[in-house]
Ligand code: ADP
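Before any questions on how it binds or moves, here is one chain, the form predicted alone, in structure tokens.
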């Protein structure tokens, strides 16, 4: 028997995890379950689920079955384990639809829409745009279709928010012929930015959301976006999510000549370079110990490498704020979000230090308390901390596509 109210599932597949949230649609969207399958591909892969009450919470290791030893070695296996749990606790007919965060929509996809065989074929074609995410996301959708062939699946694209960037912010300064192949600046974290802009309008009013806004989504992956009149003006990530500021293990912007240099001096292949800039660089590469900002803050007094990693991260974010202020002709609101942006007052303080010339001034007491507004009352620029919610953005998009009211 199907539930009275539709239940919709959102999925956010990463390189070694699958985050999910289950929403019930009644008078409004209510999250009733959320969780993660973590460390996919490792022997200690684990399923964590958080429900409405403590009794609904689950945390258990994923143990390989008798006939296999892969320990959730890939996303297909991991989603099967999750669907087993969902059927066990909610029933086979619990779901009305599934929504996916698809990191890259390429030049074709700029709106949430149903996943079709034709879409999956196009996503396969553009998988070289983002080989770290798209193949996994395609496999996830295929695994769910195999399990529930009649269940609608909706794709929500992380690049969609930036799809209509001004032409000058889209073009890459390489031979024009590559643009015909879809090679341009795309930008990412769009689901997060869409939520933050909607929440800013809710908290501060339409006028604030229509003003000159800089959004800083700072987490393991980190980027910034400039928005004016509610529309994107520029963003720090580019053709791929490696670009922009240094991240946990991603390099951020590099001199393109570095690839040729390492190829000549260390005989580094393209695959090895790709591995380095995705998984061995950023905070981890500089510190040589950890890509987690919390670990580095704990060590910075004793380890100059940790201190330099934090200093570079804060310096680069500060530079992007300055650059976007120039692109916007000033700034009215600065928003911090993401795991670092929401939870690290020390990092926020260091980023904003010296930005008084832009009239960005923090109230350090409120900053240390992770208050909603952390700027001084006398500061012309409002500085906010807004917890992002990509799952809710996906769920709302699904309701629109499915015509749920």
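Residue numbers count along the first chain shown, from 1. Computed from a predicted structure; not experimentally measured.
Quick note: we don't show the form predicted in complex with the ligand, though the next part is all about it.
Novice: Counting heavy atoms only and using a 4.5 Å cut-off, do 19, 220 and 344 all touch the ligand in the predicted bound form?
Specialist: Per the other structure, all of 19, 220 and 344 touch the ligand.
Novice: So, in the predicted bound form, is residue 199 in contact with the ligand at a 4.5 angstroms heavy atom limit?
Specialist: No, no contact at 4.5 Å.
Novice: Taking any heavy atom pair closer than or equal to 4.5 Å as contact, tell me whether residue 37 reaches the ligand in the predicted bound form.
Specialist: So residue 37 does not count as contacting the ligand.
Novice: Test of understanding: in the predicted bound form, would residue 374 fall inside 4.5 Å of the ligand by heavy atoms?
Specialist: No, residue 374 stays farther than 4.5 Å from the ligand in the predicted bound form.
Novice: Would residue 340 count as touching the ligand in the predicted bound form under a 4.5 Å heavy atom rule?
Specialist: Residue 340: contacts the ligand in the predicted bound form.
Novice: Just one of 112, 291, 211, 244 has a heavy atom within 4.5 Å of the ligand in the predicted bound form. Which one?
Specialist: Selected option: 291.
Novice: Which among 332 to 340, 360 to 368, 44 to 52, 22 to 30 is in contact with the ligand in the predicted bound form, heavy atoms within 4.5 angstroms?
Specialist: Among the listed stretches, the partner-contacting one is 332 to 340.
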